[in-house]
Every structure is written in structure tokens, then in C-alpha cells.
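Below you'll find only one chain, the form predicted on its own, shown as C-alpha cells.
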């Protein structure tokens, strides 16, 4: 449960919005909007009643975007617009393998920037050896450069933490942009995180 979501519900309710209008404004179901509107103040005061998803995860299927180069290009154009709007000065775009790479490639192409690829340790298999992620030598080196990092989905943030720790040893990471964020984090390793879409969990009690 997100405190900002609860505060938003209280604000909308105080502004006179109906349950249906709150549901539409927050992109939640009518049942969820009704539950929050009736219990928002209590939930805000009693944090122990605000539960997280725990071991349950949310499956994200964005094949309808990833299966089309034109749709990927549209997504990359949104990211380009975000970068321009934030006036970020950078030299290279770092794509997180695997799914972050096509988006990073298109963003780098549109902005005329270099392209760097980071391969997370979860994609490297060497039995009996301590595994670390690596920067691919087949693409632009990142040493002493300013970098924007791009990935598709962030869940816990562990892959991006791993990547950023390595990048900070050799370059200056300026921003992380992801297609979908499930973590609720605003920054990772002190680097701002900007999602195109952020997913939040709402615990709805059954009565």
C-alpha cells in the first residue's frame, strides 16, 4: 500500500469526487476505490493495516510492445522526451541486457549518443565461480562518461543496484529510466529512478 495513494484518495474525497470518479482518476477498480474511500483515514493512521504483497509478485507481459519495432520506437521517443525535459547532460546510454537493450539502442540513436550494454550476473552462468555482472566490450566503453541507464521492468531493484555499483567505479550515472516500476523506489544507489509506468499494490479486505 502506498501512503501517497491513500493521501490522494482523501484529497479526492474531500474535493467531492464520487467513487466512480476516484476509480477513474487512480486507475483502480470500483471495489478498490470504494474500500479506500471508506477506510483511507483509518489506513493512514494504522500503518500496520497497510500490507505489502510479500512473496506475491506481479507478472508483467509487454510483448505487444516488444514484438513491434515501431511500438518500441514510440516508447523510446517518450523516454527521449523525458530526458530532454529534464535537461540531462550525458554521453552514453546503458542498456540492461536483455530487454533494456532494444529500448536503449533506439534512445541512443534518436539522441545521437553512444551505446553501452551491461550484462547482469543473472545472465552469466559459471559453475563454482563467483559471478559478477559485466560491461560488454562489443559496445561503447563507459569510463569517465556520464550515463543514463535504461531497463524494462524493475521489481526489487537488485539488478540495477548491481549495475550502478559497477558503473560508479568508472563513470557518472545520471538517471535510470524504466518502462515499468514495481519497486516504488524513487532512486537506486542515490541515482534518480524515472518509470514510464509505476505499479502499486492495494490490499483490499474482504467483508
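Predicted model, so just to flag it, every value in this text is computed and none were measured. Residue numbers count along the first chain shown, from 1.
Keep in mind the form predicted together with a small molecule is missing from the figure; the text below concerns it.
>> To test your reading of this chain, name the stretch in 23-31, 36-44, 147-155, 63-71 whose heavy atoms come within 4.5 Å of the small molecule in the model of the complex.
In response: Going by heavy atoms within 4.5 Å, the stretch is 147-155.
> Looking in the model of the complex, is the small molecule within 4.5 Å of a heavy atom from each of 121, 134 and 166?
Replying inline: Per the other structure, none of 121, 134 and 166 touch the small molecule.
> With the cut-off set at 4.5 Å between non-hydrogen atoms, does residue 96 touch the small molecule in the model of the complex?
Replying inline: Residue 96 belongs to the contact set for the small molecule.
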